[in-house]
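Read the single chain below, which is given as structure tokens and is the form predicted alone.
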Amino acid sequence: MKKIVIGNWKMNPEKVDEAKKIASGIVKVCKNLKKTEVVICPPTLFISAIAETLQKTKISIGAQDAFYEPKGAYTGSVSVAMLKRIGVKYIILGHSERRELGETDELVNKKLKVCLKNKVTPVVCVGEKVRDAHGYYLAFIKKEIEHSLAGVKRKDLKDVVIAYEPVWAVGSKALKAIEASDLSEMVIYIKRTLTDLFGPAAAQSVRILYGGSVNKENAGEFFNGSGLSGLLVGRDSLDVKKFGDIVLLTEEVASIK
């Protein structure tokens, strides 16, 4: 199974020409990849333009969110089917910044099921706001996984990606990324939770990513014995050089395995 690196551009950049320039740069850096899949998730307004830039390349286009209804009176919403028609293959669901605006596990679950129905890969984000010494955050993450994946069939689990993003490590105000040893423990815990819900075989088929202050300096450490399948990169995905370094490092790790 290939490693995967997803670039979440959030509400950046401001202009479509700048977005296309970044995408073109990433295409050049990633042209020789064999063991790593790259996904770019630009603002919704730029998806069509970036999808055109990525034509005939191995890089996939993704979206940062979607609505669970196929059509109707839902002002400002974009459906999964609409996104699929313009080339979207991955959709980020339940990102901490969306949850801060009111996104719930139940909403994530509705969106996830629609993604699976439309054969678009959902990237489900889970993570705690604070890490307490008593380990209560583990129960919180377990609940997020249980509720977000409620009703998902065992055979469909292989089409779901889980992105672990501790909220305290996300964004420009984050003090630091997670320690590699702590990340390894979290990957094991997430897989154990999935095993309890779906069985060991199905749990092993799920790709688990890490997101939160990822950069070229720490990316390699995250893969060290963690069983991690890839990375969800925020601000550094807008810098061709920095994102390229992260992708090439991931490719190097994938080639060793």
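This one's a predicted model, so the numbers in the text were calculated from it and none came from an experiment. Don't overthink the numbering: it's just position in the shown sequence, from 1.
Omitted from view is the form predicted in complex with 1,3-dihydroxyacetonephosphate (13P), to which the following refers.
*Asks:* Please determine, with the chain shown alone, which of 192-200, 28-36, 211-219, 44-52 has non-hydrogen atoms within 4.5 Å of 1,3-dihydroxyacetonephosphate (13P) in the model of the complex.
*Replies:* Every other range fails; the passing one is 211-219.
*Asks:* Scan I178, L112, V170, V80 and let me know which has any heavy atom within 4.5 Å of 1,3-dihydroxyacetonephosphate (13P) in the model of the complex.
*Replies:* Contact residue from the list: V170.
*Asks:* Please determine whether K242 contacts 1,3-dihydroxyacetonephosphate (13P) in the model of the complex, using a 4.5 Å cut-off between heavy atoms.
*Replies:* Because no heavy atom of K242 falls inside 4.5 Å of 1,3-dihydroxyacetonephosphate (13P) in the model of the complex, the answer is no.
*Asks:* Taking any heavy atom pair closer than or equal to 4.5 Å as contact, tell me whether R235 reaches 1,3-dihydroxyacetonephosphate (13P) in the model of the complex.
*Replies:* R235: yes, in contact with 1,3-dihydroxyacetonephosphate (13P) in the model of the complex.
*Asks:* Any of the heavy atoms of K20 lying within 4.5 Å of 1,3-dihydroxyacetonephosphate (13P) in the model of the complex?
*Replies:* Taking the distances in the model of the complex, the answer for K20 is no, it never comes within 4.5 Å of 1,3-dihydroxyacetonephosphate (13P).
*Asks:* Using the arrangement in the model of the complex, list in sequence order the residues of 1-18 with any heavy atom within 4.5 angstroms of 1,3-dihydroxyacetonephosphate (13P).
*Replies:* If the 4.5 Å heavy-atom criterion is applied to 1,3-dihydroxyacetonephosphate (13P) in the model of the complex, 1-18 yields N8, K10.
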